[in-house]
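Just one chain follows, in the form predicted on its own, and it is written as structure tokens.
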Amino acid sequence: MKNLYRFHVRFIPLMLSIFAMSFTANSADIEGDVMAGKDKFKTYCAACHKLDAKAVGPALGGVTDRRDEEWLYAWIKNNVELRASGDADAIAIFEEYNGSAMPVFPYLTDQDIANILAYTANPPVPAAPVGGGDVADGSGAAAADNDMALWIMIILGAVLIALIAILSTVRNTLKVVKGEDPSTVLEDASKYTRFLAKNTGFMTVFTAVVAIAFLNVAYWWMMGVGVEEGYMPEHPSAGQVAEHGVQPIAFSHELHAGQNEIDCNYCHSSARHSATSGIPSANVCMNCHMYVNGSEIVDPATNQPKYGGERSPEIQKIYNAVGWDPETMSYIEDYEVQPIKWVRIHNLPDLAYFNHAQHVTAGQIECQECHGPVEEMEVMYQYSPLTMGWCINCHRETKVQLGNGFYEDQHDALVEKYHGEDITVEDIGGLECGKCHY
């Protein structure tokens, strides 16, 4: 009994201490989610940081092995406050990167930071890129079938002509063997003409087939008018002044969205809350290129600096547009700003209305669903046909994202109406003409 009493006297305080420690543990003990951290990294960090190389800021791959996590939490939440406290490491980093001030993130929770750090410590293996596949509404397949039908007609016509020529040659050869004079091409043609004139039934069927085939080809050709699927403006050569139909700057989505994993919404920020995704201003470019001038870009073919260690002529175009002097690292006073005249790639007709925020924020549609594997595109092009049939087919198949914070009353009514069945955009009026045409 005495031993049991001693056990309780020692065990209970120990358990209470462990229980209390679990509540007083600092934020560095929070377990992070790698996939959630990837999304946060792309949104808040990827514009200035890479995992495996320096950019505007230091490389963040394995940063938890180099820095104390409690210090990292303090730095990420408010690096200005940390520097003001006299922290030597914070001041050293600030000076190393030429006074490039990192934004303050007071709205990031401890869990968000834990997720980001988990991602930097163990980034997931990239999934297979989005892309490929057939066009959703079958218009691509229809175009392919149309081309195939045209080629079949051409081949059959060529075969028919070749067959007639062979028959004429054989018959003339037999005539020569018999000692008769061979017939001319005109004589053979007149014979075939007389034969066809006598066989009116055959001619009627043949004319109908040719007419239907011609109308089919003409119909699909007219259906393709205004469909710019695959359209891709040219990229200028290094330093080239843009001409008509050529982009003013050789901007690589593969480099920015692919290699550097910059979130699409960082540059096209209005896609979250506006009808249009917007073309980023040059000031958005300068957030990074104030410090990244392209001199560090390596040509993968030669493994040497692409521009001989000098700044990129394409990035120089941005400097010319905004009046930035890279030598003094300052803006030129009284400089007349020169707008960058981008060539538009995606353009819906005026009779159609499309709202990016409705799809990106409420519908939670990924950019790649419509724009294709942007992260693989060195030169941006129109991936989807953007036809009405393509949109309608998407509305028929896409499920409504219930519980997204929008239209809660309507969503509750839909759940009650469909009793747990999948609800598509079609079920909530997504095929009504007035949704897109008014």
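Start at 1 with the first residue shown and count on from there. Bear in mind that the values here come from a model prediction, so they are computed numbers and not experimental data. Between two forms, the rigid core is the largest collection of C-alphas that superpose within 1.5 Å.
Although not depicted, the form predicted together with a small molecule is the subject of the following passage.
Heavy atoms within 4.5 Å of the small molecule in the predicted bound form belong, among the stretches 175-183, 195-203, 325-333, 75-83, to residues of 75-83.
Interface membership of Pro236, defined by any non-hydrogen atom within 4.5 Å of the small molecule in the predicted bound form, is ruled out. The small molecule is not drawn, but in the predicted bound form it has a heavy atom within 4.5 Å of Asp263. Using a 4.5 angstroms threshold between heavy atoms, Asp87 stays clear of the small molecule in the predicted bound form. In the predicted bound form, the small molecule lies within 4.5 Å of some heavy atom of Pro349. Each of Phe354, Gly363 and Cys436 is positioned with at least one heavy atom within 4.5 Å of the small molecule in the predicted bound form. Contact with the small molecule in the predicted bound form, defined as a heavy atom within 4.5 Å, holds for exactly one of Asn216, Thr109, Gln358, Asn122, namely Gln358. With the core held fixed, Ala114 shows a CA shift of 2 Å or greater between this form and the one not shown. Here Leu351 does not count as shifted, since its C-alpha moves by less than 2 Å between this form and the one not shown after the core is aligned. A movement of the C-alpha atom of Glu378 falling short of 2 angstroms is seen between this form and the one not shown when the two forms are aligned on their rigid core. Compared with the form shown, the Gln368-Gly37 C-alpha separation increases in the predicted bound form, the change being 3 Å or greater. A decrease of at least 3 Å in the separation of the C-alpha atoms of Gly372 and Asn115 is found in the predicted bound form, compared with the displayed form.
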